[in-house]
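Take a look at the structure tokens below, where one protein chain is shown in two forms, each on its own, as structure 1 and structure 2.
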Structure 1
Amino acid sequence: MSAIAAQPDAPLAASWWKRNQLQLAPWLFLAPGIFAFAVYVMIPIVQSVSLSFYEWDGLTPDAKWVGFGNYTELWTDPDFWTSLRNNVAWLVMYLLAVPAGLAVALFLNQNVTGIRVYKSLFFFPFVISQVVVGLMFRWFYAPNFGLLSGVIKTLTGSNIAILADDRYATYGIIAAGLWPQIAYCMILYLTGLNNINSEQVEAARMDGARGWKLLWNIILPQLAPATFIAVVVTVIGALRSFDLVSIMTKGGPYGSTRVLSYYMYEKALSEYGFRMGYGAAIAVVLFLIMMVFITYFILQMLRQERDA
């Protein structure tokens, strides 16, 4: 506002722009970003929701309106429930990455020679593509020669093919996913630990606080921002899991390792058929589940904005 007041004798031709610059500028800066995001993210979400009420093979020009038909079919589809159950398993097990990441971070939070190199090497798994991680773990789990099956055989005497056994396959994949996720949480906590108020820690030590008590009462509250981000990225990562399932088992054996994201792909775009509408309905369910978490995260961020 003060810019306008400061220049009362600006030439008339420029004055309209000068007067409205502060109102118009944000929209000019935002236009390209909003356009791209609307075309590729916002509008497709709406289209998917609408598509979930149709039966469409992706080829013929006409889609057939089926109302809630796809959703009622999902309700009685056992494969859908298997996928949903696996998503819950992913979510619960994946959250172990948060305390595990904290543990590794506490282990590495020292000042000894070479510690920087150790920290970055510990972070390695996160930088590598999940395709590579999946291949590595498949090889790790391979029956007969895989290292892990060797260990299991010496311990229990029986040969277990983790990825071919529908009791263990999902957990085998989740374990592979935890590897990079723990590395991610670790780096968040290392950054957090770096910014800890050391005076407060020393004062608490003077008062005799040690070990767990110190961690729980003094350190963890200061790490709250790191914990928040760690939980956000872990929950999103768990529900987005697709790559590892596709690489390690393709949803098998007998569909027992499918998750919603993979089942949707299978229904809509794989050799199993081109049921775009049914696939869209699965995607909408996954989207609604994620929206619960996204809304919670945004409300938290909103509160932080208000406090700031």
Structure 2
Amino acid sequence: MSAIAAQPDAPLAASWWKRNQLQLAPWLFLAPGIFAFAVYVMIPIVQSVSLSFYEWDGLTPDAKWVGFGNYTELWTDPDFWTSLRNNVAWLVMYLLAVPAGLAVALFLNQNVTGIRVYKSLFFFPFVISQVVVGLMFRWFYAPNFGLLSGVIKTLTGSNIAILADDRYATYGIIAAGLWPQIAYCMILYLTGLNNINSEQVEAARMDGARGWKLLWNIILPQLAPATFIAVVVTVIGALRSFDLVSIMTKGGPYGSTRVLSYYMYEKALSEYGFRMGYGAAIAVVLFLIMMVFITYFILQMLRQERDA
């Protein structure tokens, strides 16, 4: 009797899975990614926000509750404001990578002899490490033997130690960061140019569209997805800038090239810091700034999908 009674349950279970497998299957595939995102992203973010309300050296077991004391100290910390200004400078100048990448992509989108060699040369900065880029530009800027210093001395008769001068050091680091970033934007635009509707381009040329008019009215609208991705990645890269500052100047001279990410490291993890709560407060501020841009980009993407 028990075997007979158990038989109707099996078809019921199978039919329930068949009825719901279209809704459940995507979540089963997403589950590992959601778990990893929660463990490695969401939980650390919550812990960082919580830690920012404490004063803790990272070594002793006890942390002292200070509430908004770390954020109040940030408001009066001149080094924090210097770092924030430098981040703004990074953000503004880094966006030059987008039109520069477009210009290089338009130049390379030709069928001429040796174009693959030129593409490889322009692509090269993207595949090398940021550490290598930083070391190369340190040598490039070196006042004794650097190529740029030699050119400046030839033209002006005097040397300029770019990375040792607080007036130029930040812009020298940004220029180093622009080199691989332009290569990345170039790759995005080359991919977009390969997907352009050639019939629209030919029709526009038959109607007399040439040069800037053809670029502005026909080509750029079709490159909008590539432009969107290029701007998103460039903005996030500018706000996350750390490795080049660390390799090229270590925040100097006199702390003039610090950015928020490096100042956070300096306060929390370097031999001069061990202020975990204060470093977490800096990280929270940087996170909020990034969230403003990320939220805007996500809303723009959703709006584009609705309009499509």
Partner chain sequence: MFPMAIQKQAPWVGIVYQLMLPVALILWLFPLIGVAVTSVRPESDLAAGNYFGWPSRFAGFENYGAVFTQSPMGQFILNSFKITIPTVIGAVGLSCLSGFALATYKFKANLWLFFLFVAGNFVPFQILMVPVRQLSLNMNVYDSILGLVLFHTAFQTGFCTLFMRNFIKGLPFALIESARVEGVSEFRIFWHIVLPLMRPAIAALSVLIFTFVWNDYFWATVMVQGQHAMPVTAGLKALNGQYVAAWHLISAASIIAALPPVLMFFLMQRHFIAGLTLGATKG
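Residues are numbered by position in structure 1's sequence, first residue being 1. Between two forms, the rigid core is defined as the largest C-alpha subset superposing within 1.5 Å. None of these values were measured; they are calculated from a predicted model.
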Checklist outcome for this item: Matching the form predicted in complex with the partner chain against both blocks gives structure 1
Checklist entry - Taking the rigid core as the frame, does residue 36 move its C-alpha by 2 Å or more between structures 1 and 2? => result yes
Item to check | Rigid-core frame, C-alpha of residue 206, shift of 2 angstroms or more between structures 1 and 2 | outcome: no
Next on the checklist: Does residue 85 shift between structures 1 and 2 by 2 angstroms or more at the C-alpha, the core having been superposed?
Outcome noted: no
Checklist entry - To one decimal place, what C-alpha displacement in Å is found for residue 302 between structures 1 and 2 with the rigid core superposed? => result 2.8
Checklist entry - residue 21: how far does its C-alpha move between structures 1 and 2, core aligned, in angstrom? => result 4.9
